[in-house]
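Shown below, as structure tokens, is a lone chain in the form predicted on its own; questions about how it binds or moves come after it.
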């Protein structure tokens, strides 16, 4: 199967994530089977999904007249068999309970096409554990979105470890998400918390420490992040920001500058290891830059231009410029 063969999608669960996924898919024109725990959930699910679409109308993304035809793309059902039997992509967004997810996947194995991709939206469970007893583990991936999925592009894709996983499945899923304008990243290892949640966890821990030690208020922390690093990270991320911060020396230059200043034991071996790391991270950033379209910045000059353009837009939205 290829990404273009995905014509129908199933979403399991009408919670915060599930309903947002549904809004995203019907916005992009895909028919969706939305599986509900009970028929009573349908009224709330309709209201939430329509509310997401109305938010797009308010912000000039959709025309109001488009909403009714999009809502007609949803098939509500409490039958798991009906939900999954004709779908090529199954997004699981049910409760974060490993046993329940495993039982759900066992039922999916009975009814879904064997080539249908199963993608769990789990926030921290390992897809290796979820797919442990599946007959078709090679079709299983983790596909962790960031809330709300209908707006935030990131999708973190994980694969069951070892022979139970399939890089091909992950690639098909990544290609599909790119088709609907998402930003997929495929992790090399199946780790809890993935990339973004692990980074966010470290930031949250430091915020708690600063607040508990009386360094500042919660408002100060929110302002410091929102109007400091958060503004820049929203544009290009920490490594490309460091690339610009290093001037002509790039990220290698700033890594060496800061690293040598912080070396407590500046012996020959420590300096050698720092230089090796600086070379490694510069090579990684060079590869990243080469993959970027010119309009988004693929060298220092164009990257700085892109950063400033988006930064000014963000500052205007915050009424700070």
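Predicted model, so just to flag it, every value in this text is computed and none were measured. Positions refer to the first chain, counted from 1.
What comes next is about the form predicted in complex with a small molecule, which does not appear here.
Quick check on this chain: which one of 134, 77, 166, 123 has a heavy atom within 4.5 Å of the small molecule in the model of the complex?
Result of the distance check: 123.
With the cut-off set at 4.5 Å between non-hydrogen atoms, does residue 37 touch the small molecule in the model of the complex?
Judged by the heavy-atom cut-off of 4.5 Å, residue 37 is in contact with the small molecule in the model of the complex.
Distance check, residue 100 to the small molecule in the model of the complex, heavy atom within 4.5 Å
Answer yes; at least one heavy atom of residue 100 falls within 4.5 Å of the small molecule in the model of the complex.
Using the partner position in the model of the complex, report whether residue 160 sits within 4.5 Å of the small molecule, counting heavy atoms only.
No, residue 160 stays farther than 4.5 Å from the small molecule in the model of the complex.
With the partner left out of view, is residue 139 within 4.5 angstroms of the small molecule in the model of the complex by any non-hydrogen atom?
The answer is no: residue 139 has no heavy atom within 4.5 Å of the small molecule.
Looking at 29-37, 53-61, 281-289, 255-263, which lies within 4.5 angstroms of the small molecule in the model of the complex, counting heavy atoms?
Comparing against the small molecule in the model of the complex, the contact stretch is 29-37.
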